[in-house]
Structures are given as structure tokens and as C-alpha cells.
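Taking the form predicted alone, here's one chain by itself in C-alpha cells.
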Amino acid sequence: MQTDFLVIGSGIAGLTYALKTAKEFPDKKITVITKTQADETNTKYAQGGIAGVWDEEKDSYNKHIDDTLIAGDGLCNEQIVEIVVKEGPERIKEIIAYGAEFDKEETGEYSLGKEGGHSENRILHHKDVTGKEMERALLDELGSTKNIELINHCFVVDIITQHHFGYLVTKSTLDITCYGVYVLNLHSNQIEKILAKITLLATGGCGQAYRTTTNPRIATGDGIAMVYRAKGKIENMEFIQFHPTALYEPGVSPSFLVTEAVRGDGGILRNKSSEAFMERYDARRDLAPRDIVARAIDNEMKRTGTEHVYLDCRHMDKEKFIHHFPNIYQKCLSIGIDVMQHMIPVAPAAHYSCGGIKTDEWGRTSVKNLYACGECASTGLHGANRLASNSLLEAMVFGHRCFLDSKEQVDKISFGEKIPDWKATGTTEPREMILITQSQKELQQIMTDYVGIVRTDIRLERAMKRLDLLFAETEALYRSTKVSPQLCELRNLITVGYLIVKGAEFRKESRGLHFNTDHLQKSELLQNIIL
């Protein structure tokens, strides 16, 4: 199969790119592939909203830029922050034109929320399902675009580079080139080739590396792992953001997210003694940046010997709460919690990868003809900690910028010739799935216990030793059995776990989301960890 533009992932980043490309080139073929259904993405689970300077009388670009830089703790690329903040409002207007609806006040003006780390009200939202509404609008628009082919249930195994022709490819190879991908067709159970002039990775995050995460089950770091195997550059993987307030339900995965907007509207964090504890940790209290709030909750849980804290909404207006957070209200009711009478048990959960595939200001990776945007990419926007509701904004801005750059390149690129078929000789069907499922549980336990919100040198050392063993076992299984989505996801998660640990070992300081009690001071030498 050949396609001019290949988009891997159907979240807001991938769909933004696909739609713009299809409208620009009505005679070219655009293919979007996803490993499950088109709407099963991290975008769908984004509750809070999208940040953008909307009310210029009260807000300004400089304020949004400053808030982003402060949250990023010195590691943001200031040029990228300025690009995203200043181009963001135009991208929001575009998705509104596609039909996305954001909540409005009775006056007809957009209702702007406020979340941790923001100095002004600038969050546009659709109740507490903003991502789902934006995904709906994009998919509706995609359905009326004739030159986009959407392929569901298609699992990408690897990106095709010179490595697959038998050439030696290393980190120092200057002309690593992407020719397309090998995919496992889940209907035929066969591995096929999709050749492309331009390939865009919009594969989302890697929350499933941890035992407790707000990410859907598909968030297994596939794009990041594939680029690393192709000897592309990966950056800042040690900065894994834990959302402070996931609903505490033992054994339930993924965890239900209780958006930061609840605290923006007045929700208060309390410990088991009903004490509002955030004032002891930061002057901004419950609206401090996420890294600070997550560490504060983690400390309170350890100090009091509990597995969660509480979010108190009992003092909030019931009608407004139900209007703004209908899904949170119903979810809590379904497990016997009336938020107007009972506090909500919450605990931190792995939520967002601030690092990923290193890109430039146009979304270009270190591999030729390969772009990346969305959570799988490290654009330089987030630095050491992402500011709340900047993720959807970044995805749209860089989906647009990838489009602007790749449209100038596509006619200069030819399809790869004599691409070898996938070799699966000498492999058999896996005899015991427990070899895969148990290894994934071990990985999640290792990452949660040793590479969580608070880290130490010895924890990281132990994590690496155990990951080495899991890697060796899984690679042996990969070489001897037929490829399956479960085995590929395990392999990708182990790679992502290794990258997180290795980045954390290199960073001999505590900065943003990386907090190591053996290195509490910040280094004056600011640097990104590139692997």
C-alpha cells in the first residue's frame, strides 16, 4: 500500500494534521491508522479544557508565556512557548469553525476557567469532557473529507528505515530516512507494508508504564519506542507528570480523572484529618502547578499512612457543579459518593509525558520525512513540567506547523523502492500469554515503586537492573514467537521504562517533575537529556 501522507494516531494532533493536508491536496492520498477505534485516544479523556488567551482585556500573551515558563522550571524552549501561545487562539477558532462547542456564560461570552499555574482565567471547556467534544468535531469534519482513508485495528510494529535493508544505522548516522511502516493487520493477522512519502507520528503518551494511570490502555509509548529503535533522538523522558487528583478506586484501571478545573472552581484538598494541607507546601495552595500538588499529596499520604487524600467540594454550588462537571458528579454517585455530602477520595496517577520524540519548531524529527506532534513529541513547550491545559493547544499548533512544513516537502520525495517484506520465518504462535501479561505487571510495579513521584539513586539503580532482565526475556520471546499487539506493546513499554529511568539517572538534580531526594538542589547548568 502507498500513500502520500501517513498519519499514525487519530487524536487531536493527528486529525488536525490530516484535515489540513487533505484540504490542501484534494488529489493526494492521506491515510490515518489507529490500533483500535478512531476515537479511543488520550484526547478523548482530556477533561479540563484548552488554554488560550481569549479575553485580551484581562489576559495577555506575556502572562500565558510567563505561566508556561514558570511551570516548566527553566527547561522550556522560550521560542516554542511564544509560538504556541501566540498561534494557539487561531487554532482554537479553527476547531470552533469545525463545530466544537465550548461552554458560554448567559451573556454569550465563553466561560473561561482557571487551573493550577495559570494567573488568569483562560481555559475554554465543554463541561468536563472537552477532549471528547473536540475529538467529535474533528471526526465529523474528517467524515466529510473524501481523500482521507481511516484504517482502524491496525497496529504499527516499526517504522521502515535503512536498517531494514541490512545497513548499519547508528545514532551518528546523518541520513536516517523513514519510508513508511510495517503494520500488523488485526483482521488478517498478517504484517503488511504501508509506504509513505511523509509519515507523522501522533501516537500519544505512555501512561500504561505505570500501575495507576489516567491514560487509556492504548497509551503504551509506541511511537517513542519505534523512533528510539530507529536510532532517532528522544528527549526529557524523566519528566512524567502525575495528575494530582485521580479518583481513588483500588484495582480499577485506567483511573477516572477528576479535572483540575474542580480546584479552579473552589475544590479544596484535605488529608484524612480534614485538614486543608496545601497552604503548607505553596502560597498558591490548591492551584499550585501539578508537580508541587502531586508531591504534596504523596507526602501527606506517606506521612499519614493512607492511600489517598480527599477533594472537598461540599461547599460548592450544587447546580453549578453539576452543570460544569456532570460526568464527575455521576461517576462519584455510581460508587456511592454524593459530592455535596461526601469528600472525593483522590490520589496521584501517571498522566502525561512531557518528554518524547525530539522535534524542531516545525515538528521535524531527527529522522528524514518523519514528523511528530502531540504527547509523543518533545517540542520544547513543557520543559520540566506541563502547565495545565497546554497539551491540547500544543497538539493543534504543531499539527498545523507539521502541515505547513511537510506540504512544501512532499513533492520532492519519492516512494522507497524494493522495500523488503517483513521476515517472520522460524517463529511460532505464543504458547502462554501469561509470559506477556505477567511481565507487563512487573514492569508497572517496578516503575510505580521505583520511578514514581519521588525517586532516589538506589531506586533507579534497582529499576534498571530489573528492566534489563525484563528486556532480555521479552526480546527472546519476540525473536521466537509470532508478533502480537500484546507482545509489541510490552516491548514498547519496556523501552519507554528504560528511557524514563536512564533520563532520571542522568539528571543529578531535582527539577519540575523529576524529584530525587539524593539530589535536592537544582543545577545551574540547565540541560535537556537526549537519549
Ligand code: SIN
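Because the structure is a prediction, the values reported are computed rather than measured. One rule holds for the numbers: they count along the sequence shown, beginning at 1.
There is another form of this protein, the form predicted in complex with this ligand, and it is not shown here; the text below is about that form.
Peer 1: Can you work out whether Ser406 and this ligand are in contact in the predicted complex, taking contact to mean some heavy atom pair no more than 4.5 Å apart?
Peer 2: So Ser406 does not count as contacting this ligand.
Peer 1: Quick check on Glu238: any heavy atom within 4.5 Å of this ligand in the predicted complex?
Peer 2: It does not: once this ligand is placed as it appears in the predicted complex, Glu238 has no heavy atom within 4.5 Å of it.
Peer 1: Heavy atoms within 4.5 Å of this ligand in the predicted complex: does Met447 have any?
Peer 2: Although this ligand is absent here, Met447 would stay clear of it in the predicted complex, with no heavy atoms inside 4.5 Å.
Peer 1: Contact between Glu260 and this ligand in the predicted complex at 4.5 Å, heavy atoms?
Peer 2: Flag for Glu260 set to yes.
Peer 1: Since exactly one of Arg122, Arg386, Lys197, Arg401 fits, which has a heavy atom within 4.5 Å of this ligand in the predicted complex?
Peer 2: Answer to the contact question: Arg386.
Peer 1: Since the chain is shown here on its own, which stretch among 266-274, 388-396, 360-368, 299-307 would lie within 4.5 Å of this ligand in the predicted complex, judged by heavy atoms?
Peer 2: Of the options, only 388-396 has residues within 4.5 Å of the partner.
Peer 1: Can you tell me which residues in 109-126 come within 4.5 angstroms of this ligand in the predicted complex, by heavy atoms?
Peer 2: Sequence-ordered list has one entry, Glu115.
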